[in-house]
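Next up is one chain by itself, shown in structure tokens, the form predicted on its own.
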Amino acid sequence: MSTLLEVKNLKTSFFTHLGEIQAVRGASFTLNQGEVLGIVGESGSGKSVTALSVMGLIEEPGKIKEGEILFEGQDLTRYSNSQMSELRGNEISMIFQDPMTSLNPVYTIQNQMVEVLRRHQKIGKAEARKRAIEMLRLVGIPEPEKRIKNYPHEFSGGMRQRVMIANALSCGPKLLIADEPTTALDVTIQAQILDLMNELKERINAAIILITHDLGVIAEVCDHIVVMYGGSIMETGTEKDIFYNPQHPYTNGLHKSIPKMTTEQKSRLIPIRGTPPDLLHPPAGCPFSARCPHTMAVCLEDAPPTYGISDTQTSACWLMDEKAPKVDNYVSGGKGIE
């Protein structure tokens, strides 16, 4: 597979009257055509800011300080506002967390979908309406010929999210970014939306970035997973790597906080104690050091390099160093790649 998106050492900050908030601190990852990449982490870990950086939607007082965002080999950080406007919605689309804040309440679904299609595809109104109806049918909206004339408030939460997906896919983007697409939905509707994304992945062959705080969600659809914390990437790997062989204490902590449905024995959930770091004054060492059960002196003083665990897995943790003490459930002695 060819590489569609490559993010290299991305640093995005917000310059407020209190100082610089370092929201993303050196994130790097790669996405191939047709693959699904999951970005998981707590609120404030930098997931959404990373996605907005890719979309070119960082506004004042925010700024991309360093790094490259290569989309089909072209660095998007060098694009002008007009160039990004042509790209957004056409080749890169985004589904936001809350469809009610993304859909205009005073316009019908037809108005909003037709506008996007005519803007990017340069087609007539009749053809745009026909394609919009086809997209609504594709995502499972019943009687799309009638429902396209409705306003957003006339749809349920799950149906509004389907409309957002249809709108995002209407121009046939090469990359779809879904930012917490199931957060406001109940469990049954969540499952339907995830099944829909799985189906669409096969049908349209678009690459997808799925952003969530829920490991259970990304297990359903993702090929590769990026674990973020404190604006940095803690671990990367395939779905099997992250779920069956986690190497970072933070990833392990996320696992322990998930209810287990496959065991009959009752067990308590183990939370990750403490709170995320203050990115206005980020720690000098590992961002997870204040909450990690295996913190060493070096963790407080120096940020760990990224260690290669295997061909598909990396971990930014000093426990991977050859000199680190052996800890249960972790494999030390990895090869540093930074």
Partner chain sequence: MDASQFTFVDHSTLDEAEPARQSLTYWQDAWRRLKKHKPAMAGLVGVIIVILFGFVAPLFTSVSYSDQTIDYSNLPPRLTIYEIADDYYVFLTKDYKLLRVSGRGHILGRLDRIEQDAVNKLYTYSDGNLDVVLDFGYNLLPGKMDSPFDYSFTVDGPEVTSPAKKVFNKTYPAGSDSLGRNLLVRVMYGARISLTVAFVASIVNLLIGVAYGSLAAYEGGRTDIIMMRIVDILNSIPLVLYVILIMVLVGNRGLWTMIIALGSVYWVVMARLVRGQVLSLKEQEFILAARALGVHRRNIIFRHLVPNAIGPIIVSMTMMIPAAVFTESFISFIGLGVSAPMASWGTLANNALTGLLSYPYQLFFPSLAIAFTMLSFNMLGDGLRDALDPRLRKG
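Residue numbers count along the first chain shown, from 1. In this text, all values refer to a predicted model and were calculated from it rather than measured experimentally.
Not on display, but discussed next: the form predicted in complex with its partner chain.
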| item | value |
| --- | --- |
| 4.5 Å heavy atom contact with its partner chain in the predicted bound form for all of 132, 141 and 145 | no |
| Heavy atom contact within 4.5 Å of its partner chain in the predicted bound form, the stretch among 267 to 275, 61 to 69, 308 to 316, 31 to 39 | 267 to 275 |
| Contact residue in the predicted bound form, from 54, 279, 292, 27 (heavy atom within 4.5 Å of its partner chain) | 292 |
| Partner proximity in the predicted bound form: residue 20 to its partner chain, non-hydrogen atom cutoff 4.5 Å | no |
| Exercise: residue 300 in contact with its partner chain in the predicted bound form, heavy atom 4.5 Å | yes |
